[in-house]
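As a starting point, one isolated chain is supplied in structure tokens, in the form predicted alone.
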Amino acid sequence: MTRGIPQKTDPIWITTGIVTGLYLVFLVLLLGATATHSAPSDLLRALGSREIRYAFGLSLLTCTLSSLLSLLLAVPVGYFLSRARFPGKNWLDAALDVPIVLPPMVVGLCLLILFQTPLGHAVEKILPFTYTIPGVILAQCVIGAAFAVRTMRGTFDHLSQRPEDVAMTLGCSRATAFCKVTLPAARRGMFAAASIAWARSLGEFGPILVFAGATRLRTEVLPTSVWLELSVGNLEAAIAVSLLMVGLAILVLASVRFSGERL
């Protein structure tokens, strides 16, 4: 607070408040224009199509599986980055952010090329990934896991290491202390990490299109449904799917907020 001037009348709060309000108005106009573009009956009819119902079900399945895989990866990696001390830690930390900063199409292309190598061919003999549902999950997981790792790293950074140290002085190994002390304390962060990974997976388009394709009733998920519907000029269906995705994203945000975590 500036001396002699009440905080509520400080010019910086007025300015930043106006900017925040304008940004919020823009977002409301953006979503409102989309929501009111078509009649509700047209939107419901579009959502009732066989292809979109399949894409919705597949999206729920693949996003859930990719978020769980992301969390399984993010918990140990986040803990390692938070607690371990070793040379080159900053470089490793930066390297793990690469999927976040890479263009999505590039991620898909890299996956496609990887599975054209001898190692990739050997893996595909056991479990095919290219242009399959497992490929959708992998493409989602590559991006979602990077965000989940950031979240878990922040969670462990904010948790005191003292309870772990006390548990180890009482005879626990570090692994036991981690499982019995740290993990229960990190449960809200784990929920937030899984939720972020789920939301990111829901919105992924580029990697899925390049690596898994957008085949109707096979590898079509909600983002690729929007693209497919727009490509044939079916604007109402594209809007309906977009609004469905907005609704799912809002549910994820609300659930994280109610859990007490912040994205």
Partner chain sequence: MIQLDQIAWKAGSFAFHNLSFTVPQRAYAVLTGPTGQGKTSLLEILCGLRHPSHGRVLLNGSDVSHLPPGARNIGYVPQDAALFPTLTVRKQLAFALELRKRPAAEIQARVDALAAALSITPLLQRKPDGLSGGERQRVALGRALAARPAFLLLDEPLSALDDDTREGLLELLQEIHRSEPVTVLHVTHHREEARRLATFRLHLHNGVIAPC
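Positions refer to the first chain, counted from 1. Note that this is a predicted model, so its numbers are computed, not measured.
Below, we turn to the form predicted together with its partner chain, even though it does not appear here.
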Practice task
Decide whether K180 counts as a contact residue for its partner chain in the model of the complex under a heavy atom distance cut-off of 4.5 Å.
Solution key: yes
Exercise for the section: Using the partner position in the model of the complex, report whether G120 sits within 4.5 Å of its partner chain, counting heavy atoms only. Expected result: no
Practice task
May I ask you to check whether P87 falls inside a 4.5 Å heavy atom distance of its partner chain in the model of the complex?
Solution key: no
Problem - in the model of the complex, E124 touching its partner chain (heavy atom, 4.5 Å) - result: no
Handout entry: Among the candidates M168, M105, L72, L114, the residue which, in the model of the complex, approaches its partner chain to within 4.5 Å (heavy atoms)
Key = M168
Exercise for the section: Mind telling me which stretch in 171-179, 74-82, 87-95, 141-149 gets its heavy atoms within 4.5 Å of its partner chain in the model of the complex? Expected result: 171-179
Handout entry: Stretch 180-212: residues contacting its partner chain in the model of the complex, 4.5 Å heavy atom cut-off
Key = K180, V181, P184, A185, R187
